[in-house]
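Below, in structure tokens: the form predicted on its own, a single chain.
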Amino acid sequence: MNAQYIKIKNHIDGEWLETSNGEYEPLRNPSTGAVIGEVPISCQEISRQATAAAAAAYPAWSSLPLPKRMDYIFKIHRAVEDNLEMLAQAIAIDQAKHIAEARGEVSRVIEILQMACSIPALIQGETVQGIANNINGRLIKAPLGVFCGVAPFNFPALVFGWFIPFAIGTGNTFVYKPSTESPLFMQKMMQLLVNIGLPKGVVNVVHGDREVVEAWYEDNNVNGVCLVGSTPTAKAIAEGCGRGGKKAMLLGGAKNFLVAMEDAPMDLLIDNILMSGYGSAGQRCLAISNIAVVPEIYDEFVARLLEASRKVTLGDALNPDIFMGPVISSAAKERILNYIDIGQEEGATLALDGRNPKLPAENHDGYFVAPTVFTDVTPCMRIAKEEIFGPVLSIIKVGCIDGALRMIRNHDMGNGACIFTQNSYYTEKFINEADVGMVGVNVGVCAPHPYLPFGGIKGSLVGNNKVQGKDAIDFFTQSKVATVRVVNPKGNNAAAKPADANVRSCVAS
């Protein structure tokens, strides 16, 4: 699979298309730096062609009986289950996520699809009987039309699961723009959608840069846009959607905190930090970045963390015997290395330097940064404030839980925070007062189960809706209200009196 040259294509109105604006970007394997394929950089005309196809497919798809739409969701679930290894391999090749983590990502998508199978229960409406004489009120959850989505490089499968099953399951059609740095999963997934017989135009895939997205803002075919990405990108899309009157569900950046109290179970704590800080090479929105540690365990914690971090093995993402793969690109590597320089310039102690790691010969040209640990970090330093998106940890000494909570509260982002403790007072205080959208207790990655909404607050969420759970249903539907007067077909409707004040109030507007 890795030896084949990968030619990524757009998929519009049921057809694989090589057309773009004539430009392509090289697709690289981050584990080796080698060019393994090419990705089209589509123009706005192609983007509008995709939204037009989705709009044309919408009337038939939205009017399809709900059980028949759900049949396709069940088929998608089975297709992902049957092709888990193939999809995981695709992620490991172009995104260079460790193969074990890639399998875990696809497994989580299966769970999300299981949750999406409950859409019929989640879109049930409401009825209010007798709001006036012979008048009833009814609320229904109705689809809106065409939605568009933008995925980041780091979770190509997960974001597919957050967006597309809920959008099409509720009756909408979709245009999806994967990251140009990790498009292979969606090419494989789109072929599975074709294989199960999903009607043409219901899901369309367009590759490219922000020009593709900017075409949506004034496109009358588009009803809403969703994104998982950086906060600046989320704000730019929010502005464009605001001008165009589109709905927007936009998850932004993160700077996540872990708080270690004096009674923290140390073995569990260290194991979780290794996975949450170095898993996916630190390239995930719930990666631990800032670690607040109380004085009672600070020295032991630092010693244990450094010892464990030095043992982390690096290499090809497809090698099951290594722990951590590369970052996504040479640009990402340079950005991370620049933050390491900034940390030193600000006065933090570089306790473990991840620059220039030892690598297998075949990975010398890959984009690797080894585990990096700073101590003597203060909350005002840039390495503690800004999203690095790499395997870099900042350790901050705090006097007590109140100091840790104050630090979390004062940060501009509010995605996730975890506490390690065996004390129920600390647990409940942290859950109630940590100013973030997702809280974890004795877990390093506080990712909610697909039954529940996923998303942060403050600068980590632009807008109101989060992904998955009931929030997804609310975003991809509109509440339509009907006021119904029951009229006797024989003309004997004496119960309805025109002078009735309740009747007048119901029909006044």
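Counting begins at 1, following the sequence as shown. Just so you know, these numbers come straight off a predicted model, no measurement behind them.
Same protein, other form: the form predicted in complex with nicotinamide-adenine-dinucleotide (NAD), not shown, and the subject of what follows.
Enquirer: Which residue, 372, 290, 154, 204, is the contact with nicotinamide-adenine-dinucleotide (NAD) in the model of the complex, using a 4.5 Å heavy atom cutoff?
Expert: By the 4.5 Å heavy-atom cutoff, the listed residue in contact is 154.
Enquirer: So which of 165, 437, 208, 277 reaches within 4.5 angstroms of nicotinamide-adenine-dinucleotide (NAD) in the model of the complex, heavy atom to heavy atom?
Expert: Comparing distances to nicotinamide-adenine-dinucleotide (NAD) in the model of the complex, the residue within 4.5 Å is 208.
Enquirer: Residue 177 versus nicotinamide-adenine-dinucleotide (NAD), in the model of the complex: is there a non-hydrogen atom within 4.5 Å?
Expert: Looking in the model of the complex, residue contacts with nicotinamide-adenine-dinucleotide (NAD) include residue 177, since a heavy atom lies within 4.5 Å.
Enquirer: Going by a heavy atom distance of 4.5 Å, is residue 475 a contact of nicotinamide-adenine-dinucleotide (NAD) in the model of the complex?
Expert: Residue 475 lies outside the contact set for nicotinamide-adenine-dinucleotide (NAD).
Enquirer: Residue 252 near nicotinamide-adenine-dinucleotide (NAD) in the model of the complex, any heavy atom under 4.5 Å?
Expert: Close contact exists here: in the model of the complex, residue 252 approaches nicotinamide-adenine-dinucleotide (NAD) to within 4.5 Å, heavy atoms only.
Enquirer: Residue-level contact is defined here as any heavy atom of the residue lying within 4.5 Å of nicotinamide-adenine-dinucleotide (NAD) in the model of the complex; does residue 241 satisfy this criterion?
Expert: No - in the model of the complex, heavy atoms of residue 241 and nicotinamide-adenine-dinucleotide (NAD) never come within 4.5 Å of each other.
Enquirer: With the partner removed from view, which of 300-308, 427-435, 67-75, 230-238 is the stretch that lies within 4.5 Å of nicotinamide-adenine-dinucleotide (NAD) in the model of the complex, judged by heavy atom distances?
Expert: That would be 230-238.
Enquirer: For a quick check, can you give me the residues of 370-403 that have a heavy atom within 4.5 Å of nicotinamide-adenine-dinucleotide (NAD) in the model of the complex?
Expert: Those in contact are 387, 389.
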